[in-house]
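A lone chain, given as structure tokens: the form predicted on its own.
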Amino acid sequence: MKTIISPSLLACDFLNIEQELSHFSGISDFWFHLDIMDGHFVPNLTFGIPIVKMISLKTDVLLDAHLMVGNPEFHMYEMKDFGLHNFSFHFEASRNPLALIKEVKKYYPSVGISIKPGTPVSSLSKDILSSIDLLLVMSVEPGFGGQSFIEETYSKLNEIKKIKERYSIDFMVQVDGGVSDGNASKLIKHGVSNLVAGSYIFKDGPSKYIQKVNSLRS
């Protein structure tokens, strides 16, 4: 399977979002990444539930919701009828991650859990890792786009590979933050199968979108 590329719509032209979505039609192994922030769990406020609903009505591309919020349970129920493919919440935002994972599975095809750069992989129990479809490893501090990639992410990815082999469990590994053509191939070699990129894909305008997506796979 090809590496999945997930452009973060946070970096697109929001005044022309329907047109922005259309520039990516026909690409395979491709998701749109939705960074939903509440201004409390992270120091930034992005778009909320009404915008997510509108996006879901304007594209057939699989939608990947990344909840950087203090109340992921509320968002899970409010967005359950939008046809979202993946729902990822932060490990640090949930008092009972395993129970929330089980609840998310009732409404979404894929459930992910995300960890901040300072959260060790060892914080995640075997039961949690055996229950998820996706592990989102933040390679910048969540909250703002355009940050530089944290190099220590590679050691975390190596640890994840060893855990997957030790317990014979399988889940998609996604990395978000500072991803570009300069580190994509190294990330893939470290076991990443889903790359989130915002600034890198959108910064040079629509004429380069497809080229940028393809460059992350090469």
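The first residue of the sequence shown is number 1, and the count goes up from there. Keep in mind that this is a model prediction, so the values were computed, not measured.
Another form, the form predicted in complex with a small molecule, is not on view; read the next lines as being about it.
Chemist: Please tell me whether any heavy atom belonging to Q147 falls inside 4.5 Å of a heavy atom of the small molecule, as the geometry stands in the predicted complex.
Modeler: Yes.
Chemist: Should S199 be classed as touching the small molecule in the predicted complex when contacts are defined as heavy atoms within 4.5 Å?
Modeler: Contact check for S199: yes, within 4.5 Å of the small molecule in the predicted complex.
Chemist: With the cut-off set at 4.5 Å between non-hydrogen atoms, does M37 touch the small molecule in the predicted complex?
Modeler: Output for M37 is yes: heavy atoms within 4.5 Å of the small molecule.
Chemist: Indicate whether L187 is a 4.5 Å heavy atom neighbour of the small molecule in the predicted complex.
Modeler: Result no; L187 lies far from the small molecule in the predicted complex.
Chemist: What I'd like checked is whether I4, V111 and D133 together line the small molecule in the predicted complex, meaning each has a non-hydrogen atom within 4.5 Å of it.
Modeler: Spot residues vs the small molecule: no contact at all.
Chemist: Which of 175-183, 22-30, 158-166, 50-58 has heavy atoms within 4.5 Å of the small molecule in the predicted complex?
Modeler: Contact criterion met by 175-183 only.
Chemist: Using heavy atoms only and a 4.5 Å cut-off, determine which of L84, A93, V104, M138 is in contact with the small molecule in the predicted complex.
Modeler: Among L84, A93, V104, M138, a heavy atom within 4.5 Å of the small molecule in the predicted complex occurs only for M138.
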